[in-house]
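Just one chain follows, in the form predicted alone, and it is written as structure tokens.
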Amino acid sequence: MRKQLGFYIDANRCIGCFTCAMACKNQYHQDIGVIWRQVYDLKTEIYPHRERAFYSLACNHCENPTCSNVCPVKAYYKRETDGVVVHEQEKCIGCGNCIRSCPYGAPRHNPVLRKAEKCSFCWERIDSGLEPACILSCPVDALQLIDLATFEEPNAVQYPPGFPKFTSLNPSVRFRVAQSPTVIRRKRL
């Protein structure tokens, strides 16, 4: 398998602090209302405990990215070296095809620029030997950079409950599903 970078999201570690989302906004100085990384609270149908669980999601840098396939001006490309899907905003004409086509909602509309935008995995930072801003900022290592060609985590899943399953896209994200809390009761004397 060729090198394919992806995100590993450990729902057991994530505390829902939004530091990853804020680091992304700070890195790219996104306009108000433009969010490339979002932290989702798992609904009680998925995680029915009083303790909360979260998924921090952005672009999944799919093996077969629909955003790239539907773009009429080739504003997207997939890097050969690491599989990162990059959006070239200067080429974008703001048609919205990518926004309507991505089932994960990764491309977002920037109302100021009237163009699409999305996470490009901080490819500039990666090329400089740095981690993406979201990963670097996570205080509990719940968000990690992985190479799917060498990633071996037996408990990782690609499609956990609550994450849409689109096998034809093959999203480059893996999850560690939130575990049920351990219940400890006092012994009756």
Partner chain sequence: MNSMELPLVIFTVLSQAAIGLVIISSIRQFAAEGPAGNVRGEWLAALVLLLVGLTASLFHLGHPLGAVNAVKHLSNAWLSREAVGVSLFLALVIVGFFSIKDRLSPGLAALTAIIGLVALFFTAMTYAPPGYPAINNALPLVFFLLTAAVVGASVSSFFTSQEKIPLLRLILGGSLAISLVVYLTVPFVWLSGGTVMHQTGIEYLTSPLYWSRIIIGLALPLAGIWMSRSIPAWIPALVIIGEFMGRIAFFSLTLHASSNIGGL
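These numbers come from a predicted model, not from an experiment. Residue numbers count along the first chain shown, from 1.
The form predicted together with the partner chain is left out here; the points below concern that form.
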Inset, instruction - Name the stretch: of 142-150, 123-131, 40-48, 23-31, exactly one has residues whose heavy atoms fall within 4.5 Å of the partner chain in the model of the complex. - result: 40-48
Inset, instruction - Indicate whether Val84 is a 4.5 Å heavy atom neighbour of the partner chain in the model of the complex. - result: no
Legend entry - Touches the partner chain in the model of the complex: Ile135 (any heavy atom, 4.5 Å): no
Inset, instruction - Evaluate Ile35 for contact with the partner chain in the model of the complex, applying a 4.5 angstroms cut-off between non-hydrogen atoms, and reply yes or no. - result: no
Inset, instruction - Although the partner chain is absent from this view, report whether Phe18 comes within 4.5 Å of it in the model of the complex, heavy atoms only. - result: no
Inset, instruction - Can you work out whether the partner chain is within 4.5 angstroms of a heavy atom in all three of Tyr159, Val173 and Ser180 in the model of the complex? - result: no
Inset, instruction - Let me know which residues along 95-129 have a heavy atom within 4.5 Å of the partner chain in the model of the complex, or say none if there are none. - result: Cys95, Asn97, Ile99, Arg100, Ser101, Cys102, Pro103, Tyr104, Gly105, His109, Leu113, Arg114, Lys115
